[in-house]
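The chain below stands alone and is given in structure tokens; this is the form predicted on its own.
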Amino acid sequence: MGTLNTEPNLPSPDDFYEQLIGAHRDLSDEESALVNAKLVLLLANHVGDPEVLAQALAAAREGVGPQR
């Protein structure tokens, strides 16, 4: 199984950020949350490795809300 890569890995992070912001432009909060949820599920499907996905979930949750 794999390991989550947390090192910079985008060839053009500013371009991706602009695309991400553009995908949310003119959306309501609810629509924006739906886009985020769909993006997470699409990328999780692309990654496909349950161990890497578990590491990503833990890293995303770190420092947010009550800890389990």
Partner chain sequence: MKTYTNPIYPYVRSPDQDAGPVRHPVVVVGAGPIGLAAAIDLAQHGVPVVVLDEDETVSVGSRAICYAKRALEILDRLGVGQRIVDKGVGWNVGRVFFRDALAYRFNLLPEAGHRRPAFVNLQQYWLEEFLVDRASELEDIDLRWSSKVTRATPRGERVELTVDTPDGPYTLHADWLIACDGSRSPVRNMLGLESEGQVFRDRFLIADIHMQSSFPTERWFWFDPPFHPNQSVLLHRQADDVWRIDFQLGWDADPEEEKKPERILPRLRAMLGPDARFEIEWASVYTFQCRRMKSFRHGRVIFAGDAAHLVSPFGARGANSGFQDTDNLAWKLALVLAGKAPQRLLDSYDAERTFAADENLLNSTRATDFITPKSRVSRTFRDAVLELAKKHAFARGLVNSGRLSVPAVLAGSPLNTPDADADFPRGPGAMIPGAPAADAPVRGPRGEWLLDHLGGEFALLAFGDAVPAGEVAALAGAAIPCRVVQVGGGATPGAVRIEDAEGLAARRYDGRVGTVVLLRPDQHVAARWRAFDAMRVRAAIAHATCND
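Positions refer to the first chain, counted from 1. Given the structure is predicted, the values throughout are model-derived calculations rather than measurements.
Beyond what is shown, the protein has a form predicted together with the partner chain; the following relates to that form.
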The partner chain contact in the predicted complex: Glu30, any heavy atom under 4.5 Å: yes
Contact label in the predicted complex: Asn45 to the partner chain, heavy atom within 4.5 Å: yes
Residues from 3 to 42 in contact with the partner chain (non-hydrogen atom within 4.5 Å) in the predicted complex: Glu30, Ala33, Leu34, Ala37, Lys38, Val40, Leu41, Leu42
